[in-house]
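Quick setup: one chain, the form predicted on its own, written in structure tokens, and binding and motion questions come after.
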């Protein structure tokens, strides 16, 4: 991990200097004087003027100055310093410092929001996680030239929260079960009130029990975390996170086998919600936030639900289960219905690795956003563009609601009636049946919640997607 500090001048302890290059030009006059170098000439050796640098490219040269530990200077290209390029460059520095405990100096002259984005990405790019015996913890310090203290604190807070979500996601499922998630919620509550329901206390939560009953030891958990600001009369945001700690598909077993291997990350929505809650006190959020973590393991056993079962969700709506591998919407439905009945939210958001269809439509760079509130959609899109957790507004198509019809229950949960070929849309329409007109948004993060390989800010595995978006948006409430 990285620790961010302010520095007004080059530290005697810094082992390396990072000098940004924007559109092929160097901006670090005092560094050039200190080492008696012409940095433009040095850069030209690596990057001739006819070959524009890509964001994230790094070139090193040896340096020395009396009284300073620094022996390396690295040019880091920011491209043309667009938002995307700044994140790419920040991540490149983070990766460069992986597996090291170095003290480095970063000459950075950017706007506050640009500096924050760059530094958040640096810490995200630095993330590693493993359970190897004898594994060491490496912490590098980045001393930022004249960095605004509030910007540095905010960048540290946000990036640490994202990496916290990643740690939860990467934890193997033989360790991570619903009870374990509940313990993590208490561990990272940071002042938030934590309430946990299990066993008989879940009698009204038909979806959570149907999915989690397949793994009765320890069984499902309903975890409620509540942050209350000092400000009276604040708006109330409720987050509902899908927390499937492992997903075999249940009796509707996943095929081919390989797609089951990464399913420890099917609790990414709950991890994002937990990580957001852990940061609210320190960011002094001016809005009340409640997170509902709907945690269960979708396993195969004698107590697993069957295709064709009918369950009764919180609030009384009956649902015909047609495919036990579409379990995420079942646990979310209980959470949404509970929030509407008991919490009176001004904003209700669910976040889940829900459908492969979202990935087919949007790839792995944008999450699918569903809502009927156009003003709110604009706010979330803006927060996504600023933070890097980008969303794309998808339609809730009323004509497709007929796909939810059932002969034996109020609705079926896989929207199998008809042939609409819009699995992410119909999944959202299913969830909308449980929000009762409340101001609601659905984030389908199946594409962005996992990465198949190290790329940019993201490590292979869980990305922690959604933490930056939600914290950015929550921060707009004054």
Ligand code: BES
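Positions refer to the first chain, counted from 1. The model shown is predicted, which means the values in this text are computed figures rather than measured ones.
This protein has a second form, the form predicted together with the ligand, left out of what is shown; the following refers to that one.
For the three marked residues, 254, 323 and 446, a heavy atom of each sits within 4.5 Å of the ligand in the predicted bound form.
The closest non-hydrogen atom of residue 166 lies beyond 4.5 Å of the ligand in the predicted bound form. Using a 4.5 angstroms threshold between heavy atoms, residue 88 stays clear of the ligand in the predicted bound form.
Proximity of residue 141 to the ligand in the predicted bound form falls outside the 4.5 Å heavy atom cutoff. Under a 4.5 angstroms non-hydrogen atom cutoff, the ligand in the predicted bound form lacks residue 334 among its neighbouring residues. Judged by heavy atoms within 4.5 Å of the ligand in the predicted bound form, the contact stretch among the candidates 246-254, 213-221, 91-99, 191-199 is 246-254.
Checked against the ligand in the predicted bound form, the residues 177, 355, 115, 171 give one hit for a heavy atom within 4.5 Å, which is 355.
Along 234-273, these residues reach a heavy atom to within 4.5 Å of the ligand in the predicted bound form: 242, 247, 254, 263, 266.
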